[in-house]
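First, one chain by itself: the form predicted alone, in structure tokens.
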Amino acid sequence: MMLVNETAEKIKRMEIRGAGRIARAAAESLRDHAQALSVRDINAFRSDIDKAAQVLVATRPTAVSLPNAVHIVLAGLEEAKTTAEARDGVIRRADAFIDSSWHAVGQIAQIGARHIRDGDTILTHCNSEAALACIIEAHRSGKKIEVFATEVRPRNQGLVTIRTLNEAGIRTNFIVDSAVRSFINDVDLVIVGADAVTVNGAVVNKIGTSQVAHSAAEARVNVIVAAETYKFAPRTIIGELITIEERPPQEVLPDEVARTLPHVTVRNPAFDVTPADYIDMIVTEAGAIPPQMAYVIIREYLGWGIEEFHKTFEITTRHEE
């Protein structure tokens, strides 16, 4: 379990961050753990893999890419009759998921870039692989574009974004989060990523995304969300709400300062929810859809049936107990 625990800690500390990266890291961790397990009894093997999955799923409650990735990988255990078959099933499905995840970003880039016009000024928030891939692909295709990138307090993920855009040779304006409303009328298009997409098309993404989308709606600027299909949240079909992770207060206010303010409580939610009404399009590797079609992705591309909900997320429930 050492490698699994190391990966879990890196995800918790945000050394590994971004829904796609987290999902691939979890799949890699389960694959490597399965390869390293020396147990011969298939029940013991399943139990050990299940415990490893519990550890990983518990790290970031909001990013549904994580339990979706784990679900996909663990499906390799279902038909296994021997430990060797179980091990091979986990390894095969983990490798397939990692490969499809990388290809998904490329496919999203191709689709998303077609919705960016020559001369567009684009605003992006946080550090999304998929959203940046769309922007960079549009630039590579010869379109002259300019970007506004937010700072993304308190973890400053915007610094990663502007380095990526700078390396691609894209003209970029770096702004504080609270300046979005001041610049939204200079913007032609908003492109952001997602940590989760619900069945009704609402998008859970980095805190501040909802404010960006509301400002865009007021200014009549279209909002595109770039999200791999494994970021869609199956259990929202039965009314389950996505947990919004609240990060440690030290990310916002150092302890030495907080101790001088005994009447102050720091609130640090990592994500917010953008209603579907403020989203014009979701670009996935399966194609571009209106947010109201999110259910189709969950059913047709993730393969979730109603009977699966109570059995496939048992690892999460057992951990919570």
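Treat the numbers as computed from the prediction; the structure is a model and nothing was measured. Numbers follow the displayed sequence, beginning with 1.
There is also a form predicted in complex with a small molecule; it is not shown, and the following applies to it.
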item: Segment that reaches the small molecule in the predicted complex - one of 78-86, 119-127, 135-143, 179-187, heavy atoms within 4.5 Å; value: 119-127
item: is_contact(residue 198, the small molecule) in the predicted complex, heavy atom dist at most 4.5 Å; value: no
item: 4.5 angstroms heavy atom contact with the small molecule in the predicted complex for residue 157; value: yes
item: Contact flag, residue 161 vs the small molecule in the predicted complex, heavy atom cut 4.5 Å; value: no
item: Touches the small molecule in the predicted complex: residue 297 (any heavy atom, 4.5 Å); value: no
item: Site check 14, 17 and 206: each within 4.5 Å of the small molecule in the predicted complex by heavy atom; value: yes
